[in-house]
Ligand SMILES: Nc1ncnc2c1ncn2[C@@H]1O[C@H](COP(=O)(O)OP(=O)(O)OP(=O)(O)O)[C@@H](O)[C@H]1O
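Below sits a lone chain in structure tokens, taken as the form predicted on its own.
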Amino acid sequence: MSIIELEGIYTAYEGDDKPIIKDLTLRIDRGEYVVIGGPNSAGKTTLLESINGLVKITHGRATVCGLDVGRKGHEVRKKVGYVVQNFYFDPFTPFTTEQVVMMGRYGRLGLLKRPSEADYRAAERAIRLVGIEDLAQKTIGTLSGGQQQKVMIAHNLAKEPEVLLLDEPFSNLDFSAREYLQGILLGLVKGGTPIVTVSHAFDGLPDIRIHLVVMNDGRITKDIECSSRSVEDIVRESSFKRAM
């Protein structure tokens, strides 16, 4: 059984009559590095939200980590890390980097439970892994966009997710930072955690086989395995083709 299984799903935002995702079928296994590409408004972000149970699945079947997404979305989100696009922290947000990363553990803690030593260790590991020890005591609202991006990646790594979803995770980072974080993601993939990333930029992908999904108009136009070097060309050729 694949860790993510979507069978003929349709999804729509609340109050919207028209589905965004249409008759989409996709399977993702453990240890896969998945890149989702395609033109603007193709449904890429909605696909991530559908996997994470944030958008209503109106038809079809969806399971993540063996859980039915429609009926157990809250349980799914405990197991899935999700780095969203275009988040914003007010400059006066009082939480430190350390506190924000620790918040990644709260889904595992349950209501009103205090963090254990294991929770603190997981947060500390994530901070070290992303290389933001120097930011630990700084309030997140005072950080640059790239620094905040790193904090949110650490926040999700502290969660120790079974699946990691990333929506344009490197948009605020320079090439050096992207390359460093790609190395972290490669380590997770080798450990069996599937990475599913939406992106418009395909430079700096790790030199491994990529599970490439190209979307257009809420449907998949290409679902193949390819080399990281061929991703950009395939996305360009497939983005405006008729959906599968």
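Position 1 is the first residue in the sequence shown; the rest follow in order. Rigid core: the largest C-alpha set superposing within 1.5 Å between the two forms. Since the model is a prediction, treat every value here as computed from it, not as a measurement.
What follows is about the form predicted in complex with the ligand, which we do not show.
Asks: Which among 57-65, 204-212, 175-183, 40-48 is in contact with the ligand in the predicted bound form, heavy atoms within 4.5 angstroms?
Replies: Going through the listed ranges, the match is 40-48.
Asks: How about residue 17 - does it come within 4.5 Å of the ligand in the predicted bound form, if we only consider non-hydrogen atoms?
Replies: It does not: once the ligand is placed as it appears in the predicted bound form, residue 17 has no heavy atom within 4.5 Å of it.
Asks: Since only the chain is shown here, I'm wondering whether residue 93 would be in contact with the ligand in the predicted bound form (any heavy atom pair within 4.5 Å).
Replies: Residue 93: no contact with the ligand in the predicted bound form.
Asks: Evaluate residue 200 for contact with the ligand in the predicted bound form, applying a 4.5 angstroms cut-off between non-hydrogen atoms, and reply yes or no.
Replies: Yes, contact at 4.5 Å.
Asks: Under a 4.5 Å heavy atom criterion, is residue 116 part of the interface with the ligand in the predicted bound form?
Replies: Flag for residue 116 set to no.
Asks: For residue 225, is the C-alpha shift between this form and the one not shown 2 Å or more after core superposition?
Replies: No.
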